[in-house]
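Okay, here we've got a single chain as structure tokens, the form predicted alone, with questions on binding and movement later.
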Amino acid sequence: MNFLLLLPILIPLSAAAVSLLAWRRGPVQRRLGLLGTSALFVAGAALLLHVRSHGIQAVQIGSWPAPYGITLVADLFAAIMVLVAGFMGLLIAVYSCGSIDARREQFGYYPLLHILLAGVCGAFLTGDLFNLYVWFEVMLIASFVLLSLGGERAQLEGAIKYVTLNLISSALFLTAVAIVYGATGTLNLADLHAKIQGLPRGIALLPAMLFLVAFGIKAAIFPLFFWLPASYHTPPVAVSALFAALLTKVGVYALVRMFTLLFAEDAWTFNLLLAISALTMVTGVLGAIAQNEVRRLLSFHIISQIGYMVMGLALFGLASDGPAAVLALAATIFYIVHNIVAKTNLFLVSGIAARLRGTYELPNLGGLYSDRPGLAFLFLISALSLAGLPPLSGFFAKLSLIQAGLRLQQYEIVAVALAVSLLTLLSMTKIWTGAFWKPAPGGNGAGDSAISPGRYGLLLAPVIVLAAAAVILGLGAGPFFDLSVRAAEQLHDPTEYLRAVLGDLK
């Protein structure tokens, strides 16, 4: 069953290759997009079920034994992320069928979507640093082309900022990889676990800080986030939603993996992460409140929400007992899943609102509550979930983080997290008032006729599914959080991970 580890990479790569054969044939590419993402979702579900039942799985490509060959490994954290990536890929593919124009389809939108998903899944499943770098570059190339596809001036400007900062991140990442290899002679993550601990603190701290900056750029933490709101609002909303769902979360995933498996012993680093998490939350939400363009507002909220995820990682490193550390990590994992669901849906709703009114600017929106009450209700579910109101998923995600912070007596970060939640609610109220509640400016209501019923159904279906997911994650928080706890236990105690990868070499 270790073949299951290959499927999340092979499926999107194969779908991309077949889609290229259907170049400029939009209907065929749309069907391949739906088929490929559906297969990826099924493969992700099968992988998670197998890992949950049989423990951490690893496969050595070409039968080269670890740590010498290429390793793919799936613990519960990785399997959860692969499943979520497949789920989001499928919903974005459905939404794209109703929103992506024929010109972008003809120039490779769907092959790029599959390549991006392959890079994301490869990053989640890789067991060595160099291949993590490779998959990051696959994501960078695909995301850069998706960002600039269409050639509009705003897109190209945003793409230049995006690729420049991410190339700097890649250079720092590769530098850290070189230092680690020079100091230890290996890049296999399981093999590095013991060897990093044997290095002098100064030598180990240098690559740790380089990884923090490199992955911090990709995750958009403070003060490395300014590329994100300058670029995420420029492409079609389906692309923005895909980026919001997955790209920054891969950066967070890499931070969690590095600072639980390799650099988990330095309290100074985790105190730094705690300060960064607070500043990321505050600057992101204040930036959001200052915006009047819906996608820019939501882009700043991506930054703010990353702060909560980094908060959980920092609390893990500062915990003096195992249960507190596990709680903090479980809260981070649950929060990542919740945020992917809620944030992606808000972007998708904004795309529908813009199609109905012809703009993303709040002063020019309005009247959507009276015209489309169902859409307004779906927006409220995701907005209130993002703000952390019960009984939605955001409430339990934030509650678990607050509990971890109180247990560790980190009252300052708890106060910041609660204050930012209130400010998040304020910014969501700003969208509700500007886009849904106030009357539509004169003449804008005619935008309703721009969407046919069939196309509107394609746009609305993923929104309904994601809103339902936010409710299910909230009402069924118990079993979902239990799964997050099991994943956190594997991260806290890497013994099973080391045994799965290294076997008798451990």
Partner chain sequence: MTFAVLSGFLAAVVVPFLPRFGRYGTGRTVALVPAALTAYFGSYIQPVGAGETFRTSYAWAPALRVEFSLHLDGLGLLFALLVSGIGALVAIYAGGYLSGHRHLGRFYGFLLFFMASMLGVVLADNMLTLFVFWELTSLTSYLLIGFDHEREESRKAAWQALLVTGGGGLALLAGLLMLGEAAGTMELSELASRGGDVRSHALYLPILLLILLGAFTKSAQFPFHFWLPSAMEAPAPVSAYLHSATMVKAGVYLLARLSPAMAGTDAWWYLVTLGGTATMVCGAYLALCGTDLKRILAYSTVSALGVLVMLLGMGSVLAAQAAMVFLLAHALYKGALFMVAGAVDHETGSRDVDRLGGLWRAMPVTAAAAVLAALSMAGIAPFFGFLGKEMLLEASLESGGRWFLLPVVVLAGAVFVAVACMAGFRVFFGSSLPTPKQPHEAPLSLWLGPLLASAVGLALGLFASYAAAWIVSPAATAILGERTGHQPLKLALWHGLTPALALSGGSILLGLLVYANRGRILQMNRRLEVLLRHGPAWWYDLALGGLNRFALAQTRLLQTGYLRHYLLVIFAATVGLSGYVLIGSVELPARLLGPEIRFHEAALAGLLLLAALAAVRSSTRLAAVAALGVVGYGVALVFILYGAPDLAMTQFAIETLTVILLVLVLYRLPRYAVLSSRWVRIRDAAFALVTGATVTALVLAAVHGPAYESVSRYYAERSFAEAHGRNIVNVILVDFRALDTLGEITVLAVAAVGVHALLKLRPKNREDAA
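Because the structure is a prediction, the values reported are computed rather than measured. Positions refer to the first chain, counted from 1.
Beyond the structure shown, there is the form predicted in complex with the partner chain, which is absent from this document and is the topic of what follows.
Student: Closest heavy atom of residue 69 to the partner chain in the predicted bound form, within 4.5 Å or not?
Tutor: Yes - in the predicted bound form, heavy atoms of residue 69 and the partner chain come within 4.5 Å of each other.
Student: Does the 4.5 Å heavy atom contact test between residue 421 and the partner chain in the predicted bound form come out positive?
Tutor: Residue-level check for residue 421: yes, a contact with the partner chain.
Student: Is residue 41 part of the interface with the partner chain in the predicted bound form - any heavy atom within 4.5 Å?
Tutor: Heavy-atom contact with the partner chain at 4.5 Å: absent for residue 41.
Student: Within a 4.5 Å heavy atom cut-off, is residue 65 in contact with the partner chain in the predicted bound form?
Tutor: The answer is yes: residue 65 has a heavy atom within 4.5 Å of the partner chain.
Student: Of the residues 225, 124, 316, 379, which one places a heavy atom within 4.5 Å of the partner chain in the predicted bound form?
Tutor: Spelling it out, the residue with a heavy atom inside the cut-off is 225.
Student: The partner chain isn't shown here, but in the predicted bound form which of 58, 477, 470, 48 has a heavy atom within 4.5 Å of it?
Tutor: Among 58, 477, 470, 48, a heavy atom within 4.5 Å of the partner chain in the predicted bound form occurs only for 477.
Student: Counting any heavy atom within 4.5 Å as contact, can you tell me which stretch out of 102-110, 80-88, 336-344, 245-253 lines the partner chain in the predicted bound form?
Tutor: Residues of 102-110 come within 4.5 Å of the partner.
Student: Thinking of 370, 399 and 438 as the candidate spot, does the partner chain come within 4.5 Å of a heavy atom on all of them in the predicted bound form?
Tutor: Each of the three qualifies.
Student: Is any part of 147-164 within 4.5 angstroms of the partner chain in the predicted bound form by a non-hydrogen atom, and which residues would that be?
Tutor: The stretch touches the partner through 148, 149, 150, 151, 152, 156, 160, 161, 164.
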